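For reference, the chain that follows is the form predicted on its own, supplied as structure tokens.
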Amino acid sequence: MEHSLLTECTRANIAAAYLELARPIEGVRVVRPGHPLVVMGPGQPSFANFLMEFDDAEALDRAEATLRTIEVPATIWAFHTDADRAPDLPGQLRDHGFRRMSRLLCMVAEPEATPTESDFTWEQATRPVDRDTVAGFMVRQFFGHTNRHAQAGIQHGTSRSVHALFAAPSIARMTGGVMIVRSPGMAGLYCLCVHPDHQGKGLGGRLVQAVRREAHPDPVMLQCDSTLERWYQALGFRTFGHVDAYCRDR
């Protein structure tokens, strides 16, 4: 996949991931008459309070105009990807009071000609009670130090989203989990986690390869901290860009 298409598909997948996590949360407003995308709702989760898709010089100004017409939470996030075409977007965000909080690498694994067979077992959560179990496991691994109100919002949005949730080796004996987000021409790997008692035994890598088999023939995209770059490279991924998270408090 050529770079420009890859960055566009990545941005679309991230937007789909966050948008569908936000929709189940009561009070969320989605404003999308065109770019940019504005999602605002109560509580702490960044996926319920964000701006993204800045494709011209006036995009951020239009987002600000939208924010003046709806109830705005205490914290707003803005996500800047390589597909954004607004000139000097980092400077614009700073001028609007946003500060950069993090930078994640964007990595991709192209589909293999023939997916490797495996005896690895996992289970997709389809029943609401099972989806809530998997979502709760993910929240405990990633957001254990977050306040309980925020944890509850993240778990609710995850369990009731349209995204595929998987547990390994099964929901009843879950030691690892992952979320897969499908969008046109791409699968996104999110929330990969392994219980601390089972880390370092290869489960994470086997989950990643299972995602690649599940997504075939689409490529698999993920975002990760730079400390994980070599680990994902060993699993067949390459780095092609970044996504920056900005934050503004009232």
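The structure presented is a predicted model; accordingly, all values stated were derived computationally and were not measured. Start at 1 with the first residue shown and count on from there.
Not on display, but discussed next: the form predicted in complex with a small molecule.
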I'd like to know whether T69 contacts the small molecule in the predicted complex, with contact meaning heavy atoms within 4.5 angstroms. no
Contact between L192 and the small molecule in the predicted complex at 4.5 Å, heavy atoms? yes
Heavy atoms within 4.5 Å of the small molecule in the predicted complex: does L228 have any? yes
Within 4.5 Å, heavy atoms only: does L37 come near the small molecule in the predicted complex? no
I need to confirm a contact call. Of G202, P217, P184, G27, which residue comes within 4.5 Å of the small molecule in the predicted complex, counting heavy atoms only? G202
The small molecule in the predicted complex has a heavy atom of only one listed residue within 4.5 Å, and of L60, V31, C224, A210 that residue is C224
